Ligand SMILES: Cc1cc2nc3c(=O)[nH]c(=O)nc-3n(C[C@H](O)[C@H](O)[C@H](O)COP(=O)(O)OP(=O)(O)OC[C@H]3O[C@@H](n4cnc5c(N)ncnc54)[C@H](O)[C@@H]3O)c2cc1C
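Listed next as structure tokens is one chain, alone, in the form predicted on its own.
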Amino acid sequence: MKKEVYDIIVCGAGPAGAEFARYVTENSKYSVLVLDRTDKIGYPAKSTAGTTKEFLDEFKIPKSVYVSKLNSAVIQGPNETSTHPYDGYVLDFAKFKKFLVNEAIKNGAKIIIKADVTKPIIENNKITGVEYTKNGKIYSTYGRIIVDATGPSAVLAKELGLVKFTSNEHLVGIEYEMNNLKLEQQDAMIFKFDRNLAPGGYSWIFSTGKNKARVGICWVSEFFKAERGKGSQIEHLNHWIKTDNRLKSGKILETHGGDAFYELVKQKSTDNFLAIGDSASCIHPTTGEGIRPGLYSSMFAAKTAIEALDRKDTSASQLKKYDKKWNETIGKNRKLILFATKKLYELSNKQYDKFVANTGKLDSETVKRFMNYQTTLKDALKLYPFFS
């Protein structure tokens, strides 16, 4: 039987995989197959999905997927608060993913759902395709470039030895969609650092309308253990809700859960292969933001893939242009940001208040660098209480 060969196979139809497929089909005539394990595009809806207006404009995301407007970013410690202007939105995560996938399909991409990618097909020491299961049957399909967008499971990137992912760098979180709250700020994203609420992590409130919000908690598993934390995330989240006047009257509408790894991935590509989004640990470790860095990784990788196919060269040396672009932009100060994040999770509550007070002293350019993943050592020295 003749092998069916696509120009590109994208494994995973989350934001990163869907944006990759959308970009390639909008900017080339190359054939794209998208494989997704879910039985309904857009689900599960597990992201808080707050991001900047500038980013949404750049990627031409329609207002139909917006839930609410955000005008401020609030950083809180146990007793201190600082507030900063912020121009952004909270998205309907399911609608957002559906939009990206539908755009790719409209442009010619083929998608197969209920397709669980299980392993790479290796020929002559290079990936040439993938195996997947659907309705209990095993299928094989082949591509000139294979893209891993399977999220934290990183099914292919792990098999190819590009990522390891350990519990030392594993962020896990849970959040509630809530209404009937008593919010002081109706248009804010709030990050709270308090060891009594989230030892080894942080908690948040993202406004989704009048007295509505996504309320969640996230921590690094190993940090939580190191802090001798006890109880589950749900117990900690429920405790916060019961003890915070803004939240205690709220009603829970939905529950979302998710995870991500934030390790430093030195290589995101190899022969015939690209890893994007959470499969390549693109999440911002401090804020947990995944959509913006995930879509930038998709765009960088898609541009690289198109050029490689145009040149008829999908070798590691050609595809590493993706790594180079990432390391020159979003990943430029990744080592420093990772180090600073780990130190942040280790602070005492007294130090958290000092940290928050220091954030209130930052000028707009420093805040902008932080938001754009360009934090410098000088910026970090301004923030941390043991330096100030």
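This is a predicted model, so every value here is computed, not measured. Residue indices: 1-based, along the sequence shown.
In what follows, reference is made to the form predicted in complex with this ligand, a form of this protein that is not presented.
#### Entry: Contact flag, Gly88 vs this ligand in the predicted complex, heavy atom cut 4.5 Å
No, Gly88 stays farther than 4.5 Å from this ligand in the predicted complex.
### Message
Taking this ligand as it sits in the predicted complex, is Gly143 in contact with it (heavy atom to heavy atom, 4.5 Å or less)?
### Response
No, Gly143 stays farther than 4.5 Å from this ligand in the predicted complex.
### 4.5 angstroms heavy atom contact with this ligand in the predicted complex for Glu289
Judged by the heavy-atom cut-off of 4.5 Å, Glu289 is in contact with this ligand in the predicted complex.
### Task
Evaluate Val265 for contact with this ligand in the predicted complex, applying a 4.5 angstroms cut-off between non-hydrogen atoms, and reply yes or no.
Judged by the heavy-atom cut-off of 4.5 Å, Val265 is well away from this ligand in the predicted complex.
### Query
Does every residue of Gly129, Val147 and Thr314 put a non-hydrogen atom within 4.5 angstroms of this ligand in the predicted complex?
Negative, none of the three is within 4.5 Å.
### Query
In terms of non-hydrogen atoms within 4.5 angstroms, which of the given stretches 255-263, 77-85, 134-142, 193-201 touches this ligand in the predicted complex?
The contacting stretch here is 255-263.
### Message
Just to confirm, with a 4.5 Å cut-off on non-hydrogen atoms, which of Arg37, Lys354, Arg334, Lys325 contacts this ligand in the predicted complex?
### Response
Exactly one listed residue reaches within 4.5 Å, namely Arg37.
### Query
Which of Leu160, Ile111, Val155, Met178 has a heavy atom within 4.5 Å of this ligand in the predicted complex?
For this set of options, the contacting one is Val155.
### Message
If you apply a 4.5 angstroms heavy atom cut-off, which residues in 101-138 are near this ligand in the predicted complex?
### Response
Ala115, Asp116, Val117 sit within 4.5 Å of the partner.
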